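Presented below, as structure tokens, is a lone chain in the form predicted on its own.
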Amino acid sequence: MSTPLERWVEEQADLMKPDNIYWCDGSEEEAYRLIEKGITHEKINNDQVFFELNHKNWPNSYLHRSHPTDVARTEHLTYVCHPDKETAGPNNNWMDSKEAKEKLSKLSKGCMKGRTMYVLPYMMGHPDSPYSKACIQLTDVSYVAISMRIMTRMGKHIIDKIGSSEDFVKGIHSVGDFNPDRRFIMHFPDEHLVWSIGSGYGGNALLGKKCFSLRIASWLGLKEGWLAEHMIIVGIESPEGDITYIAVAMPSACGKTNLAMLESSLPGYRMWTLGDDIAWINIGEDGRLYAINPERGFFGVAPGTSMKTNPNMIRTLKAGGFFPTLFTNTALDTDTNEPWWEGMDGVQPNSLLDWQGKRFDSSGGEKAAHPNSRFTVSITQCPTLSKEFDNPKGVPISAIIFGGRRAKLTPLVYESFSWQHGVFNAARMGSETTAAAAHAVGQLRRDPMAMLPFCGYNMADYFRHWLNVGKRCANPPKIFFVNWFKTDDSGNFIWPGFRENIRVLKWVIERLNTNNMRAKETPIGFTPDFQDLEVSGLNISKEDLMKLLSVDPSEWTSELSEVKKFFEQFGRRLPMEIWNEFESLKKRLKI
């Protein structure tokens, strides 16, 4: 007699009509067999799926080119299908579940004809962890199968773990015909289901990533009492050998991945990496918060990655190992058969194919690598990987840090007065866009907890959930905020950033024991006195340091007006505690 899993796969095959069904076992042999198929037989957009790269300089590496219309997340085509629109909230696109399924069924009918349906059994989190989730994804492209093997814990043992249970997360994916008018990424939180069609790109196709690990998982967390967050997890080792674990959330273009693999400039301090993108945070038996990284790989932006900005990521990409490494939409140096992107070390090669495989001509001002080109690489190749990465219980989180890009308003670092005050500050978070974004330079975008595109339900309820988690903790982590991007009157960054950010983290971990480090109380929180921040060896004046740490109440009038407008969209669902903190801040700022 067939299991619920087998029946579900058969039902989807009846709809999508693949020529073959292949159940992946997650083995190394299988991975390279599928890659070979993607080089020699399988076609996507009339092109081969994989191109073998120079294995001497980039071990086990392959290039993939996505469809020209399919190069990033499509938030306007991403829906969260709760029973009612109010539950989805103003932060999500909503569609009635019945309407969404009718639309998807019509688009998916026969969409896998001539293709193989790959059945991907995988685990988000360590298989022995009480916090992990068993998942199945269906896809019709080997690129997704290989990527999911890198990013998750894939294997046939997951099928055994599911057994005759109906309790598994379901993902349906097909590239369809790549037509943007027939492209949707739909989430059905109550059914633990994600259904994506028309895209082969990253988070639209690797459904264990943002779709499940954040949008669906955040809803599960609300129901089960835990948090699914867009955060890195790192351990900071002091010269004495003590390791403090922290979680950090930042919107895009704020250096999140660089921070996750930071190479310290301070003697005796080391950073240990547990994750660069997603944290699942639970309350442990001792009442503290514990975090796991549900993923097993990095899916990072290539442009700008270099030995200067992120040396440990370059070392990870070149390490080689049990897993292949994929590059998506980078340029190709045809002389050496190596990937290339803007911001890479060294001079630009003379002979390049751009991200679409065309001969590159720099005279037109175009980029050779797509600005959102990516690498997919196993975290096991990371030289700073924490020995606690596979700990099923996770690591205890002593501090949570939020960051954003603000040219003026926000100081380099400050500590919240309390958990509730920290939740309020994270709820009003905003970051200024850069020239690389499809917005005016310097435009402020609100992004609470760096979760606005990824929260799978009404963010007012999400803020309430954060407040409740803090109340249930015996000793909740302290909440801090950082801003590496404050500028002088000429628009130049005052703080050097990158590996020097360890100096800020040093102050943070010392503040966790208030007996060790003083702080100055300001209207927005506790900041360091200029003499409390370790700046020896930096070319930074006392005047500039004071600018970095200053809080000017006159700059906050516009901020509070915009924050109020942002909060008002949530109506009566917004927790009163958030409004109370808003009013208290106004009083402290005397606005």
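Numbers follow the displayed sequence, beginning with 1. On a predicted model such as this, the values are computed, not experimentally measured, just so you know.
Another form exists, predicted together with sulfopyruvate (SPV); not displayed. Remarks below refer to it.
Checked against sulfopyruvate (SPV) in the predicted complex, the candidates Arg428, His126, Lys170, Lys209 yield a single residue with a heavy atom inside 4.5 Å, and that residue is Lys209. Though sulfopyruvate (SPV) is absent from this view, in the predicted complex it lies within 4.5 Å of a heavy atom of just one residue from Glu432, Asp140, Asp277, Glu338, which is Asp277. Taking non-hydrogen atoms only, His230 approaches sulfopyruvate (SPV) to within 4.5 angstroms in the predicted complex. The closest heavy atom approach of Arg374 to sulfopyruvate (SPV) in the predicted complex falls within 4.5 Å.
The closest heavy atom approach of Arg288 to sulfopyruvate (SPV) in the predicted complex falls outside 4.5 Å.
Not displayed here, sulfopyruvate (SPV) is approached by Ser252 to within 4.5 Å at the level of heavy atoms in the predicted complex. Contact annotation for the candidate site: Pro18, Tyr118 and Trp195 all lie away from sulfopyruvate (SPV) in the predicted complex (no heavy atom within 4.5 Å).
Only one of 78 to 86, 379 to 387, 171 to 179, 209 to 217 places residue heavy atoms within 4.5 angstroms of sulfopyruvate (SPV) in the predicted complex, namely 209 to 217. In the predicted complex, sulfopyruvate (SPV) lies within 4.5 angstroms of a heavy atom of only one residue of 449 to 466, namely Phe454.
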